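First comes one chain, alone, set out as structure tokens in the form predicted alone.
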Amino acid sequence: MKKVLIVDTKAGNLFSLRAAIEKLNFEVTIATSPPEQLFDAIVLPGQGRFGTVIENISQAGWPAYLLNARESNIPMLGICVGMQIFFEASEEDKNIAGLGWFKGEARALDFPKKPMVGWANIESEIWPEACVYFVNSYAIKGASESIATTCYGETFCAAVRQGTFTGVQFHPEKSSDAGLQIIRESLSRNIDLVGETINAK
């Protein structure tokens, strides 16, 4: 059974996320600080403010653990703010630097109503015709690593992927069967990274 680690960022309720992953027959561990061993896959949950999440994971020592996991090609899934923190910054907390794995910043986009709450279709060659559930006020407008987009007032990045890292702006744990398929696929990635540059910092 694949062992999945959920990083407790102390910023939200993890019950629905854990339940969704366990439904896929993964063994789930939730940790507030980095364990000694690497797991088969890692999930960064999607609730909380950008600055608060960065501060919490930094104080707990997660950045070095996550970088080691990245360099070891461990499948990793970042959800909503759990994706945004891997970029350089966010307008939500302008003086807080992100982890900087990807270029760009989360911005308060021109949404018709804030926050964006509800179902929306995404444009993606990887997940064609998927309809998923969003809850967000900020988003990455564009990224070279983008694998999916959606439109709510304006088009923005719905998902990124590089190597074994996948980030999604939506909440797959709340996205019914489509979301479960995305979680399973993201946490089961085992790809040949020969020739692929991941630019780890």
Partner chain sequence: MPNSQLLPRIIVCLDVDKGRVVKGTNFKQLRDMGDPIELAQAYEEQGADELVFLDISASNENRPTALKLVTDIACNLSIPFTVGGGLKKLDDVKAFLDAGADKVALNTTAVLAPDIIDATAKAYGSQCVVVAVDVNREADSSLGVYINGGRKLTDKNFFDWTKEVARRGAGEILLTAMHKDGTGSGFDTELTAQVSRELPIQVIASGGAKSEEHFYQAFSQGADACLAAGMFHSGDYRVGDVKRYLTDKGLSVR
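The structure presented is a predicted model; accordingly, all values stated were derived computationally and were not measured. Residue numbers count along the first chain shown, from 1.
Not pictured, yet referred to below: the form predicted together with the partner chain.
- In the predicted bound form, the partner chain sits within 4.5 Å of a heavy atom of Ser16.
- Although the partner is absent here, Ser58 is not a contact residue: none of its heavy atoms lies within 4.5 angstroms of the partner chain in the predicted bound form.
- In the predicted bound form, the partner chain sits within 4.5 Å of a heavy atom of Phe111.
- Contact check for Ala31: every heavy atom lies farther than 4.5 Å from the partner chain in the predicted bound form.
- Judged by heavy atoms within 4.5 Å of the partner chain in the predicted bound form, the contact stretch among the candidates 158 to 166, 59 to 67, 128 to 136, 31 to 39 is 128 to 136.
- Note on the partner interface in the predicted bound form: the residue among Glu71, Glu123, Glu88, Glu91 having a heavy atom within 4.5 angstroms of the partner chain is Glu123.
- In the predicted bound form, the residues of 158 to 188 lying within 4.5 Å of the partner chain by at least one heavy atom are, in order, Glu173, Lys174, Ser175, Ser176.
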